[in-house]
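First comes one chain, alone, set out as structure tokens in the form predicted on its own.
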């Protein structure tokens, strides 16, 4: 069985031009991830945990190494892939949950999440069914019904994160990157997130996550990678 993701000699260094020096984030990371596996990323603050996820999503361009992702259409190195390839993978196969919601103005929370259900690859769902699924998912995260038709840009950080998670986890991704998804969630929402992650994991979705409350998902973890400060 081939790995969904093979990472070898993975490095990221930031160039600080006015200091004329490079600052290493992480160096020489090696790991494999298979379908349905959950990998926890650990390490001290500032060691590069979130940077690793951003590199895999290609928000940042890695400095060296390779990250071979086995897409539905064949192997793709996430380091050297074209911008078009990365955009296609983000649309079809790779999701990224951050602590910050990227909401569109004047789009309600319900419409945002329903859109994810409606536009899933190979989905055969009506707008009414997508809206019902979205309502149930938002309910499970504890978002009050009176906020479903409100704009998430007006929400508190915790309420925005509930919409953020529902929006991403409604889609059918093969690999989901989770960057501190529970940092601003209450206990009810954290429990709902754990339930949703478990369901998706059973369906073969793979996860790489950085968690503020790793005890919540301890039973889901298959492997861990520790990132240390580079001297």
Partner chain sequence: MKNSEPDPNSTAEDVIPATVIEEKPVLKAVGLAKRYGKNVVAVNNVDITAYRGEVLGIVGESGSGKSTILRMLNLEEQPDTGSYELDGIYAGDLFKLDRSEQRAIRVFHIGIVYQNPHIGLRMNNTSSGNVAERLIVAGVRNYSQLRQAAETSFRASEFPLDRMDDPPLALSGGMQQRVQLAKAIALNPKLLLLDEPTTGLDVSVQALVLDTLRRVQRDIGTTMIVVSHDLGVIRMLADRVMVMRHGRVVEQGLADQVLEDPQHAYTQQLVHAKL
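Just so you know, these numbers come straight off a predicted model, no measurement behind them. Numbering follows the first chain given and starts at 1.
Another form, the form predicted in complex with its partner chain, is not on view; read the next lines as being about it.
Visitor: Look at the stretches 174 to 182, 41 to 49, 61 to 69, 190 to 198 and give the one with heavy atoms within 4.5 Å of its partner chain in the model of the complex.
Guide: The contacting stretch is 61 to 69.
Visitor: Only one of 124, 128, 83, 146 gets a heavy atom within 4.5 Å of its partner chain in the model of the complex. Which one?
Guide: That would be 83.
Visitor: Should the three residues 150, 159 and 226 be counted as contacting its partner chain in the model of the complex, with contact defined as a heavy atom within 4.5 Å for each?
Guide: No: no residue has a heavy atom within 4.5 Å of the partner.
Visitor: Would residue 115 sit within 4.5 Å of its partner chain in the model of the complex, counting heavy atoms only?
Guide: Residue-level check for residue 115: yes, a contact with its partner chain.
Visitor: Taking its partner chain as it sits in the model of the complex, is residue 168 near enough to touch it, meaning that at least one heavy atom pair lies within 4.5 angstroms?
Guide: No, residue 168 stays farther than 4.5 Å from its partner chain in the model of the complex.
Visitor: Quick check on residue 9: any heavy atom within 4.5 Å of its partner chain in the model of the complex?
Guide: Answer no; every heavy atom of residue 9 is more than 4.5 Å from its partner chain in the model of the complex.
Visitor: Would you please decide whether residue 17 lies within 4.5 angstroms of its partner chain in the model of the complex, comparing each non-hydrogen atom pair?
Guide: Residue-level check for residue 17: yes, a contact with its partner chain.
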